[in-house]
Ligand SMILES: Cc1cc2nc3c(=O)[nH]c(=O)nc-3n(C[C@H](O)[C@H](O)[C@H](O)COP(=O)(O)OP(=O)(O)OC[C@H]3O[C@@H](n4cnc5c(N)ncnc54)[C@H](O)[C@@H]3O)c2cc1C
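Next up is one chain by itself, shown in C-alpha cells, the form predicted alone.
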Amino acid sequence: MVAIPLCPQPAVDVVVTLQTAASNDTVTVLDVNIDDGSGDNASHHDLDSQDEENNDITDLEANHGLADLLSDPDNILESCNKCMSNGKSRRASLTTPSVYKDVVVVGNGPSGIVLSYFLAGNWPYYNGCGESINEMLHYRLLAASSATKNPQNSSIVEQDLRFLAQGLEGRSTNPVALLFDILNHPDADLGLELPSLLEWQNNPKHAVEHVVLGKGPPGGAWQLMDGNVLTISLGCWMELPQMNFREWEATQEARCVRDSRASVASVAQYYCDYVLAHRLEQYFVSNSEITEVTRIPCSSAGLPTICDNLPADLQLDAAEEPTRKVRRHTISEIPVNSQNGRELRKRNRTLWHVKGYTRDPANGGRKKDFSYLTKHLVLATGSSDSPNILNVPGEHLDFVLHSLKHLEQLITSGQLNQDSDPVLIVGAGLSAADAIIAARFHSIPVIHVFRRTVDDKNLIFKQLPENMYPEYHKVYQMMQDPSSYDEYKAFEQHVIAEIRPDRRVKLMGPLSCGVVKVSHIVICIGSHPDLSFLRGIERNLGVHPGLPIDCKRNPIAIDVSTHESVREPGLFAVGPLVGENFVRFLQGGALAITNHLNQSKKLPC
C-alpha cells in the first residue's frame, strides 16, 4: 500500500490511496478522499461504483500502470482536481438555493398578518368623514392629499406620517400607531364602536414581494394560549382591517363570550380565517423555524450564484463595486458625484440572509431547509418565546411550571385536584390571576406569592374597569383580604428563596421567612422574545444597547415613523418587540413600514 499526499491548494488536503495487484502492475484506485476543511465528506467517492460523475477518475485506473503513475504525479494531480471539481459540484447541488424577497417577515401573529395585508397591495384612503372626530387631523389629511400628485385618490401610505401624527394623544407612545388607531377605531377609548374612517383599495402594482415565516399556523402566540380565557381588549379591538370581528363572530358556532370581550379561541380562529379571506396564504410559510440570520454586502460578487432571482439592480451593485464612488453612511439619501448622472443613492447596501427549515406535520415532521435573501427584514416575533425565570435554586425541578397551559394539563389529567397539596403561584399580573382562577375553579388550594404590596398603584388590576373584568377584580379582592377565602393564602411582598426536591419551598419576606409544602409551582412573571437566530446582532438593537431585548424595559430602538432600527439599516420591528402589546396599536407599524418602502421606491437607484 502506497499513500501519496497531494496538496494542490493549501486549503485542500487530498490523499489518494493506491493498491497494486500481485499479478501485474495495474493500479486500482480504491478510494479518493477529499477534505476541504469543512468537516463535510460529501466529496468522498467510492470509485468502484459506475456513477457517471466518476468516469473521469476511473479512466485513471484503466490507462496508467504503477510506474507511469508514480513517475508523473501531474497525472494524479489532474485527476484529483477533476474529482475535487465533481465533489464541489455535488456539494453545491445539495446546498439549499436562496430565494430573494423584497421583505422577509419573521413572525405570523397579528403584526405579521396586517403587514402582509399592506404589502399585498392593500392601501388605506381617508374617507373625509372625520371632522367631528379630530378636526385638526381632518384638515391635515386634506392638506396632505392636496400636496400629492393625485389629490383625489391619495392613500395615507403616500403621505408624510410625521406631519399627520403631530400632537396626537392616546394610549400609545408611538404617534403613527395613534394616527392609524384614530382613523381605524374612532373614539375607541370612549368605549364607542364607530365606523372606520378608512376605505381600502387593492392595487396589484402596489404589491411587494414578501414572505411571512411563523412557527405555527397564522395567529402566532394566540394559537398557543388557553382558548377559554377571555381577551383583555374588547373583541372589536382584536380585528384587523377589512374584516369586522363582530360580523365574523356572528357566522361562527356559539362560543363563550362575556359582554364585549372575546375568547382566545375565537381570536385565534379569526386570524387564521383572515389570512384565507384576503388570500394571503400564498405569502405564509407555517411550521417554520429560523436558525440563522446574517448580513451579506450587496457588493458580494457571488450573490448571483446562490440566488437565481436576484434583482438586476443588486447584480449591478456587485459589478459596479470596484469603481463605485459612493460614500458609506447611514442616512436615507447619499449625494454622490457619478459619471452616469445619478445624484442619489439609497443608504441600505446590505442584504439579510435568512436560513431555517420547515416541518411537514403530514410527513412525520420531516424537515425541509429554506434560504431567503432580502433587503428588508422585519421582526414580528412577539414576546412569548421564552418564559422569564426566577433564577433560584431548584427552579429546574420537574414540578416547577412556567405556563398556565401546563397547569391546565395537570388539572385535566387529574394529577392536580382538590386533595392535592397547595399549588404555589408566583406573580401579580393577569397570567398569575388566570392560574389562580383555574385552580380555584377546581377547588385546588392555592398559595399566592408576589413581591409588590396590594396597594401598589402599578398593579394591573387597578387599571381595569370592574364592570368589564369581574374575574380579575375578584382575584384582587382575594389578594387584599385572603383570610376571607378558604384554601387561599397570600404572601404579600415575599419571594421564593429556595425550591427543594421534597417539594418544600422557602419563602422570604421583609419581616419573616418560612417553608411551605406544595404539589406544584407555577411561575407567571412574564416572558421574553428569543432572537438568538440573529447571532449576536440582537445585543445592539435595544434602547439600552448591550442588554437583552425586553418588551417592557428594553424594546428595540426604532425610528417611530418608519419602524426601522436606528442601528441596523434594513432591519425593522413591530408589535411587542417595540413596546406595542395591543392589536389596536401594532397595526400602525405596518403602515409605517409600507410608507417607508413606498418612499424608498421613489429614490433613484
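When you see a residue number, it is the position in the sequence shown, counting from 1. If you're wondering where the values come from, they're calculated on a predicted model, not measured in any experiment.
One more form of this protein, predicted together with the ligand, exists but is not displayed; see below.
S.K.: Establish, in the model of the complex, whether Gly170, Pro175 and Leu591 all lie within 4.5 Å of the ligand, using non-hydrogen atoms for the distance.
M.R.: So, no: the whole triplet misses the ligand.
S.K.: Note which of Val392, Ile460, Met225, Ala144 lies within 4.5 Å of the ligand in the model of the complex, where distance is taken over heavy atoms; exactly one does.
M.R.: The residue in contact is Met225.
S.K.: Between Ile232, Ala207, Ile411, Ile437, only one gets a heavy atom within 4.5 angstroms of the ligand in the model of the complex; which residue is that?
M.R.: Checking each option against the ligand in the model of the complex, the one that comes within 4.5 Å is Ile232.
S.K.: Which one of these stretches, 187 to 195, 509 to 517, 288 to 296, 273 to 281, sits within 4.5 Å of the ligand in the model of the complex when only heavy atoms are counted?
M.R.: After filtering at 4.5 Å, what remains is 288 to 296.
S.K.: With the partner left out here, check for me: in the model of the complex, does some heavy atom of Pro576 sit within 4.5 Å of the ligand?
M.R.: Contact with the ligand, yes.
S.K.: Are any of the heavy atoms in Leu597 no more than 4.5 Å from a heavy atom of the ligand in the model of the complex?
M.R.: Result no; Leu597 lies far from the ligand in the model of the complex.
S.K.: Wondering, does Asp160 line up within 4.5 Å of the ligand in the model of the complex on heavy atoms?
M.R.: Asp160: no, not in contact with the ligand in the model of the complex.
S.K.: Does Ala221 make contact with the ligand in the model of the complex, using a 4.5 Å heavy atom cut-off?
M.R.: Flag for Ala221 set to yes.
S.K.: Mind listing which residues of 365 to 399 have a heavy atom within 4.5 Å of the ligand in the model of the complex?
M.R.: Result: Ala380, Thr381, Gly382, Ser383, Ser384, Asp385.
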